[in-house]
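The chain below stands alone, shown as structure tokens; this is the form predicted alone.
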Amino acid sequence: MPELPEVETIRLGLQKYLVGHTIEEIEILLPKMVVGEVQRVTGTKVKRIQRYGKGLVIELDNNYSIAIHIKMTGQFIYKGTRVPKGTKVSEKVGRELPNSATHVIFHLDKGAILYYNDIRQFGWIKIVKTADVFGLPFFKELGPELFPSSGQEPLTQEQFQGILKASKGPIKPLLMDQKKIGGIGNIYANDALYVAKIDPKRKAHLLSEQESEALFEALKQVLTKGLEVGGASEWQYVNALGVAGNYQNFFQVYGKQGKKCPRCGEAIKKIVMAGRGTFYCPGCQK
């Protein structure tokens, strides 16, 4: 599932290409994908794009917004004259648009189009008053994040340590709990724990202050790298122009079961925790 670096990369692309456009029509090919009154946003101009954790909010000039969660396989692909020549659209998008994965088409002024694709159909798009965005359960319950981009206060080391101390469960699922910490998912949780040399099965409240600090810095490190290289395109993720990211080329342990740990040489192991594949080195993650 796209995490903070991937969703932030999409936000930056939509901020660059979508802002200023007028939504002339929304063509809904899969009715369950959109909740709300489409007429409320028809004819409105896009003001800004906000991100909260893994959620996106397209703010419009009439005090309405389009709140979005792309979940596992959602894609936004912008097409228009402003797209740089030579932009290489990933095969993850498909050869042509629209295609069988296209469920919503935003027809914009100046002949531009924004496609929403979602093979697994887990994502959602909700049209709400801007003032009501934080009444939606996902946004209302979202925890603080390390790299906020829409005016929130960033998660501090002290807050992070408090979250860990309050949890009796294992550290890895805690890092992925969006109600505790926003934006972190399976990829970056696995890699950060490896960087910090912490076993994902360790009880969160038993981590020492030194280990908590090391993990906090490791999370910042892997998220920063993810942002630098445009996210990870392990599944269907692409940026707002349909271009794949590159963090998959920098995975620390994620997806590398059976390969040798570059630090100690022991084989990287895969287990399942809270229903998710968990990768770690039993030799140097203690």
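The structure presented is a predicted model; accordingly, all values stated were derived computationally and were not measured. Each residue number is its position in the shown sequence, starting from 1.
The form predicted in complex with the DNA exists for this protein as well; it is not shown, and the discussion that follows is about that form.
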Based on heavy atom distances of at most 4.5 Å to the DNA in the predicted bound form, which listed stretch, 106 to 114, 145 to 153, 192 to 200, 179 to 187, is the contact stretch? 179 to 187
Would you please decide whether Tyr237 lies within 4.5 angstroms of the DNA in the predicted bound form, comparing each non-hydrogen atom pair? yes
In the predicted bound form, does Trp124 have a heavy atom within 4.5 Å of the DNA? yes
Taking the shortest heavy atom distance, is Arg51 within 4.5 Å of the DNA in the predicted bound form? no
I'd like to know if Gly265 sits close to the DNA in the predicted bound form, meaning any non-hydrogen atom pair within 4.5 angstroms. no
Tell me, out of Leu97, Met72, Ile163, Val83, which residue has a non-hydrogen atom within 4.5 angstroms of the DNA in the predicted bound form. Met72
If you check in the predicted bound form, do Glu3, Lys32 and Arg120 all have a non-hydrogen atom within 4.5 Å of the DNA? yes
